Ligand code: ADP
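What follows is one chain in structure tokens, specifically the form predicted alone.
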Amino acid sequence: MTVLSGQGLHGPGANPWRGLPQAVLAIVVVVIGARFAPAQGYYLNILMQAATYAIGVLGLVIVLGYCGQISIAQAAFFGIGAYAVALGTVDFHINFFVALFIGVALSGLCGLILGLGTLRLGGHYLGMITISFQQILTLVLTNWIEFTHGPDGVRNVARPMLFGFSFDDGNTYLALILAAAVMVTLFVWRLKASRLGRAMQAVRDNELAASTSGINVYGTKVVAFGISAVLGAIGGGLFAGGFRYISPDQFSFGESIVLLTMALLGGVTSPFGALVGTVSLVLLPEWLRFLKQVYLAVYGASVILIMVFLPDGLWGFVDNRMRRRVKPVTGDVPPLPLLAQSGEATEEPVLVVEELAKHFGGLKAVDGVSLTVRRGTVHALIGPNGSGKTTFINVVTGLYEATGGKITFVGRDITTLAPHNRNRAGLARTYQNIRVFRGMTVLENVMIGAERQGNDVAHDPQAVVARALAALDFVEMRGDAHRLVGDLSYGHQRYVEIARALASSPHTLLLDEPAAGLNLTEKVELGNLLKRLKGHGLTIMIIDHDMNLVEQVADHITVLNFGKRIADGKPQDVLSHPDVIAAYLGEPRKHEAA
């Protein structure tokens, strides 16, 4: 939730210390509670298992819940951490924490390498890669007997000692594990509301929109895998110290499925869901043991029913109810900077496209198109369906690689730049088919734009919130800031997309059929919005079939047909051009005929 007060803005990621007092209190509580837990035996083991597994599951929250990347290898990272601690303390006689650090570093490296697979793969193919990694590690742990001890495992794993204080006692070590679980939970919780966390969620919801909003999609995925692997190793290392014995079967493919089920059961998009799911899945069999022979069947049925009827998990159900109580954001913020500036249309070229081509096999979707968009103008690109307009925009913004030609933006050759780098240079866009981040709130969607690298507020969390709210004020959607964007109407989602682009303070804005799907009233409102943008120094390129809208706002028009440019010039000249009438308009515009 984002609120405004006399002390300034407080929003997602605005205060890096938000939640720290509660975390300290939680650590104190769990440490005290650990002193009253059984010092040894079955129930102590249950508590240790739940706490260490929770840390591993929190890693899945990052890679799967936040970033949307399938990983079925969390038990492998868990095992790397466990074996690093076990072998380090037993065979090499090194300090527990040094061994844990080695395991964390090795697991993180493996996670980064595994994340490299996201460059070419996704979906179930990526899932298969993670399964393969899991299986390979299990085989190594089982068969490399001279190093891992093979199926016999490693016994007598040492517990740590820090500054002369021993954690050998069961209650003391449990306190250490619980404190670590609290700190990791705080980290994962804060990560979600951070710039990196929002980037991960944007990648999860829509990779194309994320890339053209300035997010390095590939790098974000790799980082998510790396962090997830690190947390898995931390949980595994603490697990080894807790049980003092490990073997390969404890880190098998089946255990990865268990960890994944815990995340999904509690709610994979929330760290608190990870805790709820882990505790539930560890304790549920114990609660059902009174059913004796049938308790496993009841346990399995319970898990299935929860996942079928609560698709967002146990915590997701609670979170959805809490979200409805969030109050609208109130308070004043400075208006968008572009509204405070003025600038008339000039002849200075901003976007220069020379002989641009994009071929799909034998299909020439864009065939040698050249045009110049000048500073402060609204340049319309029109043409019949299939003429290559959207393909042209996709090539200009880097979603498609050009077959030929050159693109120059503000004097810089951007022909080969990645989409996120073109956005960082000041080139923002919207889409014909709306691409918003449906799992995020309206405000969080717009904050993605404000956090564009190179934007003047990108590294100031409070200023980012203010800029996002200013963009929402401009499109008159402040009242919906707290709502999930997926709950909005089609027209309002279109405005969110425009607000996200404006919050990035772009040099040039590309609008791909912004009026598509809007009713008559919404089209009038859109036209008024675009008119308000004119005269503030913002350069706009618009694609649309609504000729009334185009005539209202356009200073210059380019017409495409079958991938080729057939007309280019002032609106009155282009719209009366015989080739344009024959290919697109069908008849002269009434005001032109008159």
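Values in this document were obtained by computation on a predicted structure and should not be read as measured data. Sequential numbering from 1, following the sequence displayed.
There is another form of this protein, the form predicted together with ligand ADP, and it is not shown here; the text below is about that form.
Not displayed here, ligand ADP is kept clear of A402 by more than 4.5 Å at the level of heavy atoms in the predicted bound form. Although the partner is absent here, P285 sits far enough away that none of its heavy atoms falls within 4.5 Å of ligand ADP in the predicted bound form. In the predicted bound form, Q432 approaches ligand ADP with a heavy atom inside 4.5 Å. At the 4.5 Å threshold, heavy atoms of P384 reach ligand ADP in the predicted bound form. If you check ligand ADP in the predicted bound form, you find a heavy atom from every one of L363, G388 and T391 within 4.5 Å. The chain is drawn here without ligand ADP; in the predicted bound form, the stretch among 311-319, 197-205, 518-526, 363-371 whose residues come within 4.5 Å of it by any heavy atom is 363-371.
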